[in-house]
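Just one chain is shown here, as structure tokens, and it is the form predicted alone.
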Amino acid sequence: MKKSIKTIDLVREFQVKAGKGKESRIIRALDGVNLEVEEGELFGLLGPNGAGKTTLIKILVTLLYPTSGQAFVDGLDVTRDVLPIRQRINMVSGGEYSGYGILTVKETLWMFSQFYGIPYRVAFERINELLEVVGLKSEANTRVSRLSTGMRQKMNFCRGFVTDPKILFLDEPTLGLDVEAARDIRAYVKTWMDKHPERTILLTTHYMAEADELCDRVAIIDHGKILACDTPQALKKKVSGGSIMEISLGVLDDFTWLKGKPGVKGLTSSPSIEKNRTTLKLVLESEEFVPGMISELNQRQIPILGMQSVEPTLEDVFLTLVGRGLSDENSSSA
């Protein structure tokens, strides 16, 4: 099958200036990335902020050069075939500001459609359809400068699809949107892929549930490295041999001291100040480690409010691979 996207030992480094009298340092945002995305796939790239997702996207859409290695989009080299690649693709980034504030929503989408030479009638049919999907039809004649952040994000989503690209890059497309709007966007993405099986989407997100719902395959990236790549179901099976426990504790703490305990492969904590409790999710090598953990919590006089075994999710896959959750934004990569 034809590869829509392919990278070979892709590396991207950034030079970061240090303070006065100190030497600058090199940060490796991508560290030997090898990736293949088939034509017709909805492929997810998952990882925390700073893991390297956006850097990879920028290279694939010809906005950044790689430091070394190769990258191909629709069989074309990102360093040599910039214009042909740009004619085939489009990109939506969560939180970006695009267009001119003096133009209306409809005028902005029309302008972008003409950059790609979309026929007049086809362009307006697509614009009207997309505005209906995202709930912006009533704002079609509103100036972009007067839109809220969420409305601008919806308009950007429309801009990505109005050109009917062969390969579409969605970089955190539901970032900052309310639950209903995000659900509508996911539904449209699935419908668009069903109608256009020859198209390809690369979706970056740190919302694991979103990737689980949409993606044919996903790759997990952290510190610029691809840690795993497979279908969501296959990745979840990789952690199903262990034990995943969700525990509610009657204190506020990050419980990082549990990470070094025997049998603990990964941990995330979610404190609730209002309820004065912390919910832990632990990936354990097996259930035989549960009694020892309960015993230590009791010795520390930490109230156990509830405990249950849960089915593995993509979040648990990430926990197993890197030992921390997506909420732990401590990566140094770009």
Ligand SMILES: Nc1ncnc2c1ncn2[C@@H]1O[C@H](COP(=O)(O)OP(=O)(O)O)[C@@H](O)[C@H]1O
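In this text, residue numbers run from 1 along the sequence as written. Quick caveat: nothing in here was measured; it's all calculated off a predicted structure.
The following text describes the form predicted in complex with the named molecule, which does not appear among the structures shown.
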Practice prompt. Answer yes if any heavy atom of residue 55 is within 4.5 Å of a heavy atom of the named molecule in the predicted bound form; otherwise answer no.
Written response: yes
Item to complete: Considering only heavy atoms, tell me if residue 18 and the named molecule come within 4.5 Å of each other in the predicted bound form.
Response: no
Discussion item. Given that the named molecule is not shown alongside this chain, does residue 271 nevertheless sit within 4.5 Å of it in the predicted bound form, heavy atom to heavy atom?
Written reply: no
Fill in: 4.5 angstroms heavy atom contact with the named molecule in the predicted bound form for residue 67
no
Worksheet item: Does every residue of 116, 130 and 163 put a non-hydrogen atom within 4.5 angstroms of the named molecule in the predicted bound form?
Response: no
Practice prompt. Would you kindly say which of 63, 27, 305, 294 lies with a heavy atom within 4.5 Å of the named molecule in the predicted bound form?
Written response: 27
Fill in: Answer range among 263-271, 46-54, 279-287, 305-313 for contact with the named molecule, defined in the predicted bound form as heavy atoms within 4.5 Å
46-54
